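Structure 1 and structure 2 below are the same protein chain in two forms, each given by itself as structure tokens.
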Structure 1
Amino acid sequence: MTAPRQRAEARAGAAFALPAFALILALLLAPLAALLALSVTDYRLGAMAVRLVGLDNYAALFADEVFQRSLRNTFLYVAFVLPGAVFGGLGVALLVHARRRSRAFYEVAYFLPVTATLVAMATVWQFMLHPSLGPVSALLRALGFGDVDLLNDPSLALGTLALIGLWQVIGFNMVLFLAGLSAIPRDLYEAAALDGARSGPDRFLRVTWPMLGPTTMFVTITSTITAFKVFDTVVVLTRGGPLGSTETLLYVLYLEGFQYFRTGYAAAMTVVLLAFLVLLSILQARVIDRKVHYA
């Protein structure tokens, strides 16, 4: 390749990258720098004076009962959602994958909640769970559970949100697993059949499960991140209540940053959130690289 040609290529490349680079600077890097800076101040929106407070915000954060509770609630929520999201998605995918004529119907049925606007569907759930008007409450009464108010009982509200979260995410995971399943070469099942695999469990353990390794890993991490960011259902259904039992990380962050305008404090909270997310992403990259990459 000639030098002028290289120069032209470099010029074109830089020109094409420039708008994107400017956007990254304005919308990602500058905000992150500002965030770090804000997190060591006592800035409040509209305040006249700003003071450097060092790591006081972080110290306050970890002493803050509300923050601790939100962290605990968020992890609890993730722990509720994750097993169902991964194994439920896998189970549904395995069953749907074997269908021929009815496959399209099941795909649509399970995927519909993913496309639907969660805020709108949450209002539907609120109505369905209404203690006197909702069909779910009626069903529970009929089954002999008595009067349960799933969204206003502190011991049940978070679990109820988790079930709604599961309802929304399971179809997404199903489709990811379906893609993983169709990528498994048919030859492998046939080779296994000749090797002596006769039963479903044999085929699953020898071919399906190991071949789905990368997909499973990916589904686990994305489901964790999705669950970690639970927000919409909290806003619509519980507003953190009852008794703070559904205060999650993002909801508390939203209140501190945009309702109470304790900006410096919220910035510190955001930095902690970012740390969690980066950690998860690194974990994802590491695990995928090391354990489940065959090619």
Structure 2
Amino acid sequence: MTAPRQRAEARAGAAFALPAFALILALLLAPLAALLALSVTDYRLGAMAVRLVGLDNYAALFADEVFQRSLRNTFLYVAFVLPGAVFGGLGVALLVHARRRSRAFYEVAYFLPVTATLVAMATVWQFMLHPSLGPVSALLRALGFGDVDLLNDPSLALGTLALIGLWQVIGFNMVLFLAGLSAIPRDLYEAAALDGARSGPDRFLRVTWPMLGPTTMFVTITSTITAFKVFDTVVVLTRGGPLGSTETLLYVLYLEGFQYFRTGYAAAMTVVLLAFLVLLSILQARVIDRKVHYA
């Protein structure tokens, strides 16, 4: 191939890639650069003057008790939701995959929470968890737990929100695991049976679980990101209460940016949140990828 032809093909390739690069620049890189720039200023929404403060926002951030509490609450929420989202989604997928006639019904039933608007459903949850009128509280009283206010008890509110988060995300993870289960060749189970894996647990540990490695890695990373972004249920159900027990990173970020108009400070908080998500995603990918079997 001659040099002029190589240059012509390179220019043609660059021309085809230019629209995609322009979109990435406009939608990802430019907003990220603006976010980093705002995070080192004292900019307040609507202010005419902006002053460069360097890393003062970050220093104030980690000295802020509200931020520390929101960070702790967010990690507790993720620690509760993540295992349930991954293993709950896998368990439901295994049960649904084994069905024959009623499989379509269960797929739709478990996936419905994913399609529902969480703000609207949070209103339903607010009624269901009402301390005097809600059916959940009535059930707890019938079981002998007495009057329990799940959304206004500081020791129970965050766990209650985590259960609602699980209710919504398990259906989506179920669909991903069902796709992974359907892609496993049946002859692998026959070969495993010849090797002595005749029981269900043996087939799961020797065939199903290793072959679901790529799906499990994807589900783990996406579930982590989803859990870190909890916001809707906090706003509708608790507004960070009681006593700050459900204040999460995204909710505090919203208050700082859109209630108190401390845009520079909120931008620094966003950078920290993005850094946590990137680091956790890379760590999870490296740890899980070592045990993943790619067919």
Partner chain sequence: MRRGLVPRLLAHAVLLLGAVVMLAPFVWMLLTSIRPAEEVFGAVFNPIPGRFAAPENYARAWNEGNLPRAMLNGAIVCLGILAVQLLAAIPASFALAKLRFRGRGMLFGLVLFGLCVPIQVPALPLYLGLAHAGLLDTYFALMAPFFLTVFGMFLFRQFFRAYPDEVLDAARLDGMGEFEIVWRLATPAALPAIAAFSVFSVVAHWNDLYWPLIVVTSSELATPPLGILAFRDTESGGNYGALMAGAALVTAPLVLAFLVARRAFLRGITMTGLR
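Given the structure is predicted, the values throughout are model-derived calculations rather than measurements. FYI, numbering is relative to structure 1, first residue = 1. Superpose the two forms; the largest set of C-alphas matching within 1.5 Å is the rigid core.
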Between structures 1 and 2, the form predicted alone corresponds to structure 2
**Asked** Hey, does Ala59 budge by 2 Å or more at the Cα between structure 1 and structure 2 once the core is superposed?
**Response** no
Align both forms on the core first, then report whether Ala47 has a C-alpha shift of 2 Å or more between structure 1 and structure 2. yes
key: Rigid core superposition, Leu29 Cα moves 2 angstroms or more between structure 1 and structure 2   = yes
In Å, the rigid core superposition gives a C-alpha shift for Leu280 between structure 1 and structure 2 of 3.6
Superposed on rigid core, Gly13 CA travels between structure 1 and structure 2 a distance in Å of 6.5
